[in-house]
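Only one chain is included here, represented as structure tokens and corresponding to the form predicted on its own.
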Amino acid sequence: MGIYIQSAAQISIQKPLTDEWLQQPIEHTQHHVRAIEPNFRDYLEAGESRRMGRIQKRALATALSALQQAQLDMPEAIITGTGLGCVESTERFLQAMVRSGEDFLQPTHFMQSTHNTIGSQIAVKLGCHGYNNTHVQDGVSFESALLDALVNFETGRIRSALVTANDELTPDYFALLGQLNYWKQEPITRQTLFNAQTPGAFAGEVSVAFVLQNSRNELSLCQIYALELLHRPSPEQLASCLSLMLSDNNLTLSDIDAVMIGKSGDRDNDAIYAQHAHLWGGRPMAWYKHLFGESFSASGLGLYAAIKCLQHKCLPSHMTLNGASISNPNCILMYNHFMNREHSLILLSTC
């Protein structure tokens, strides 16, 4: 059974809710970049907006935009992936608790601090009473949410799904992770990230939404052939999984136009991709984290970028590792890992 992606929308450190980044990306040099936000009044009433944290407003805007693009009023499932949840609301609640000595606390920030608040807010806004689930699995939270959707499609429980990934990074949490060498200390450019021999990436924020359906129509952007998650695979297990994924879909490595990897400029992270480079049979390589930054849900933006390359029939030179653009890509393989523990393979093709 084919699963088709009908639409995709993003709010990130690139211009929001548009595909302009594909040809005119914003180049950042800061170590910590907050998301560029749209005019939320186009999606939320003023009273709603005042009661919500940033991540909730971003999640709603991307979700509503994706549904509008797909011409779908009500998805049968809403599935969310988030590594950190509503960090800003959590910080506000804890700060108020400290200041007040645990007295006279307002419940709003506490209720909004839970990880499933994001999916719940989308459901309340839409009036959706269908399947609603949130996955919190660090750097594979988005892949877990996407896998949940695919399983529900395969078992016939749903015919459409809204899958989202959302993560924010406040200045305080950025500083905390910085003590663990998560972020670069030296100045950042595309070239320094590409050639980096030091620990750390540069940080971004993510809100991305996809509408999936089990039938193809004129709006379909691409098809998901397969998704595989592997826990601490050996090189042999990873190679076997790739071979089986291709053979199950009557494909070979020569059918793949590009392999999109999660290279971020972090020395230890990128070493894993170099270790497995031989698996791709010399196919062209691409990356996306120099555009969108690193986060627990960055792979959601990786999928978004791959979809847009297939939709617009171009993988631009600023995304390829060899600096050569790829015209009319028909099949893209995504490979990501999180701390060399969780590995994921996603196979996409034009419809």
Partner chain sequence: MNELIDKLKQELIEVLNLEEVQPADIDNNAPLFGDDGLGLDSIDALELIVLLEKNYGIKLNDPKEGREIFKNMTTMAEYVSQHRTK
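Computed from a prediction, not measured in an experiment: that's the story for all the values here. Residue numbers count along the first chain shown, from 1.
What follows is about the form predicted in complex with the partner chain, which we do not show.
Within this chain, residue 51 lines the site of the partner chain in the predicted bound form, having a heavy atom no more than 4.5 Å away. Using a 4.5 angstroms limit between non-hydrogen atoms, residue 107 touches the partner chain in the predicted bound form. For the chain shown alone, residue 46 is a contact residue for the partner chain in the predicted bound form, at least one non-hydrogen atom being within 4.5 angstroms. Residue 111 belongs to the set of residues with a heavy atom inside 4.5 Å of the partner chain in the predicted bound form. With the partner omitted from this view, the residue of 28, 57, 318, 308 that lies near the partner chain in the predicted bound form is 57 [heavy atom within 4.5 Å]. The chain is drawn here without the partner chain; in the predicted bound form, the stretch among 38 to 46, 310 to 318, 59 to 67, 296 to 304 whose residues come within 4.5 Å of it by any heavy atom is 38 to 46.
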